[in-house]
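Listed next as structure tokens: two forms of one protein chain, kept apart as structure 1 and structure 2.
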Structure 1
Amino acid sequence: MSKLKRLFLVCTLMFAVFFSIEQVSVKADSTDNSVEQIKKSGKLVVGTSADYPPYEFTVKENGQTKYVGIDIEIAKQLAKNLGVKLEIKNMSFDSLLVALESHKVDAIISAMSPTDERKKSVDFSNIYYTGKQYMLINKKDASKYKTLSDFKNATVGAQKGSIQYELVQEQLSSSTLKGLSKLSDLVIALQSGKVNGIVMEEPTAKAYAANNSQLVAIDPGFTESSGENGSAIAFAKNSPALVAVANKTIAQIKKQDLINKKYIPQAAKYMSTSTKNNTMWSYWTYFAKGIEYTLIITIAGVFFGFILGTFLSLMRLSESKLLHSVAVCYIEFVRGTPLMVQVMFVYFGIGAVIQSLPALTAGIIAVSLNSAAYIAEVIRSGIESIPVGQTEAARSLGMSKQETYRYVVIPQALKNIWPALGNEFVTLIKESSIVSIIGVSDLMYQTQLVQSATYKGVLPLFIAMLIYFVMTFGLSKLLNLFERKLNHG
């Protein structure tokens, strides 16, 4: 009973701390110094989901990833008018609003429509572009699907959290709706017949159709609900000054008709060049960078996880009830929640307190904290596997408890747990792919970039799979070799 009580107390404490943090960040929002803050930091951080050509997508230029598209041009213009540098943060569409609310980004320019629901949590500029809602379908189905009524009982895909997603819910209630967070994944689903059509904006649909001869874009005739259509720039709540600057910029762009005259043709050009050289080979630098980051995250995760895990396991084995319960709570809690949630919590949650926390650091912290819990249990079982006679022999020679652990128990435990530690390392290589959701350029993230840059869905995934396998298989072979050496030594 007292154990339960203590657990409850610890949890209450955690919540109390968390909510006091929340309150502080709310207070900071009450006055509008949004423009001053951006000018002070010297850069405008814009969040976008760069898989939505021609609005925003990536191309490879001199081996470097470059963000291009209509929205990127608008972002450049806005940064110019603010007199600051532009920084683009690429993440999945459904993470964008959270990123804005937790001040990871200053603005969202990602073909986002200003719905009433979104207006509750963020401020929007005026609409800068209105595209019609189109449907992307397989060419072989072109005769089957022509208007909305043809999609009755069909499966229709849309990007999760997007206006198109709601559109399908409202106007195509008789069809099955499939939501994924990446448009490129939806296109794979379309090509493999998992969905029959994807709702997206006219320019985007046309771009995909132009780059893939098996797809066509059709206008199924969605009823346009006024106001909610079209794209606008989103800012944090209560930043009218920033909205005013954005509206001025939009007016400027509209006056010169820059979007139709300059931005769309420019984007179309990028799209056609990227399709010309979209062999996988020419994207090897993408994969190489991904491997590098995956290894950085994994090695750092195992390293810090091991240090923290050692402390946790000693705390768990400690005679102090407090240390023991803290360790048990931590280990059970971390092992009982998905890594994905932990990664997002560290980036958006802790990141709300420490504003400048980069995604890579957040990813490493989350992966380390996660692996620490698992490694702690591995070390604990290693320590418990050492016969009690070893401890008794050491104590009878006058060694203190600490000396006994340090010189007798831990060295033997480490030797026993080496294979399990190696396994954890191998597991982390795979698990760390989760950090791609917060925009860390690990192998999975880079693979998604290649997908959207080449308009090819399956092949990059297959290559990523092979690379992951070579890494994990190679590593386990290497660890086996060490283990054998260790046993002979």
Structure 2
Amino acid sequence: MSKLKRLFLVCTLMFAVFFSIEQVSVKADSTDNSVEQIKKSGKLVVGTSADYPPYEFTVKENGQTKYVGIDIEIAKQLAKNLGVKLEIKNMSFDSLLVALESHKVDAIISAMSPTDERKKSVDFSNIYYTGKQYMLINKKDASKYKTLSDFKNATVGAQKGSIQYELVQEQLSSSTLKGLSKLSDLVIALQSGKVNGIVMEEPTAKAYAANNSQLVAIDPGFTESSGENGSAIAFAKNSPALVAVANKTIAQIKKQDLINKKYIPQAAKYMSTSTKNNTMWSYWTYFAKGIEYTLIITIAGVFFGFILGTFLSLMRLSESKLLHSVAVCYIEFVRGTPLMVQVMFVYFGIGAVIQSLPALTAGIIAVSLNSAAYIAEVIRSGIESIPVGQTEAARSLGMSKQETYRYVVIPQALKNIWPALGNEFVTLIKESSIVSIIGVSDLMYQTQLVQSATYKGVLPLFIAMLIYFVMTFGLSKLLNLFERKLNHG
């Protein structure tokens, strides 16, 4: 069998298990036991993107992050009617449907519109609230932009995966569409002149305008489909029992007019209080928590990545063609795919089989597996940099192959590769920010919470940038200290 065929066979065997995950995730029960499963677990896990006031957003209460808004209150009422506790999972809006389909969440309550395309993959409840589509613009441009026709050849922003994104594509085809995952990032783009307007629902647009004197909300005159206009609760496909409970809850809320009489005024009160106490210093606990999780992910990633990377490098240098092929397959595959995709695959893909897999654990696993591939190549290059004569001399003195590696090759290789290893460790601190997309409370995730809570976009990012610099600069100096000791030795 040729080397190419062996490599292909190993790759096929390695990733067959990955493809089997899809088969497991698509199996459907013949009967709907969605309500029974939630009651058995004792909790309703609701996915949301908490950067969309007054629907869902965060506030700081007694030093802790609290999720509030119209959708959060609806989620509480639904959990109450089911007789279970409520658990909120905050993640990017465009990750919510994946989380639902992989059963990481039981429902999505995030001002999501029941479009025909979404109905193909998930079930929706009745619409619980309908709001017009507005445009958020800079106050200085109020005289320039008034109707949709004024945005011809302009740049318009919208949240990726949202109904607003589709509206821009359909009704503002002459404009340049800029889609981002976070609404707070779009507001930054608006204030920095990267976009001329942002499409969002009326309550949200007015909320941002009310809390930022430089912005204003306008009604440009969008034409909306009556079937897709409004917000509904999304559930996994074939969950009629759960949809029925949700519809009953929505009917109860509408009958008492709780959204207009209670939920919106309550959200407005939270927003007003948050605006009065939105200094960066008051959110230091957010940044502190972000630093803690970032360091946990980095240290764990370095530790497990180094161990696995060492084994992979030895496997690649092994005389065994099977071990060599497995190592090459793994390294090339991991280095050839983005870390973001790997993080989402571990959490949503493997997590579809291991339902109890926490986001933090998934993030550590993905970062460790990714780092191992790069560390393996660094270690391999260090080992191959040692002259063959030293290995031969050690063996001629009676050392075994293991002893030669342990006492002669590895110590010298480590000295040679230390700068490259140090660079990988420093890079890992920054790359760990990717895990925020699955809801891990790292520094980037906490920064986004501060942006959402304070209605400030640039300042929290600047503080996060300084914190990342301090961590990476400090680690670089520490690694340089060890490097000098190695050189001295």
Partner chain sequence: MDNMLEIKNLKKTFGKNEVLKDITENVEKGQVICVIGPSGSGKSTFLRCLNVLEQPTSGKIIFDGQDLAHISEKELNVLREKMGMVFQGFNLFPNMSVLENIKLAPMKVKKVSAEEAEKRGKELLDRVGLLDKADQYPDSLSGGQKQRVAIARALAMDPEVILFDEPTSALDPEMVGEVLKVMQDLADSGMTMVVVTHEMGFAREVADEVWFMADGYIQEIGKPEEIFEHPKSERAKDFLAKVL
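Given the structure is predicted, the values throughout are model-derived calculations rather than measurements. Note that the rigid core is defined as the largest set of C-alphas that superpose within 1.5 Å between two forms. Reference numbering: structure 1, starting with residue 1.
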item: Of structures 1 and 2, the one that is the form predicted together with its partner chain; value: 1
item: Flag for residue 400, CA shift 2 Å or larger between structures 1 and 2 after aligning core; value: yes
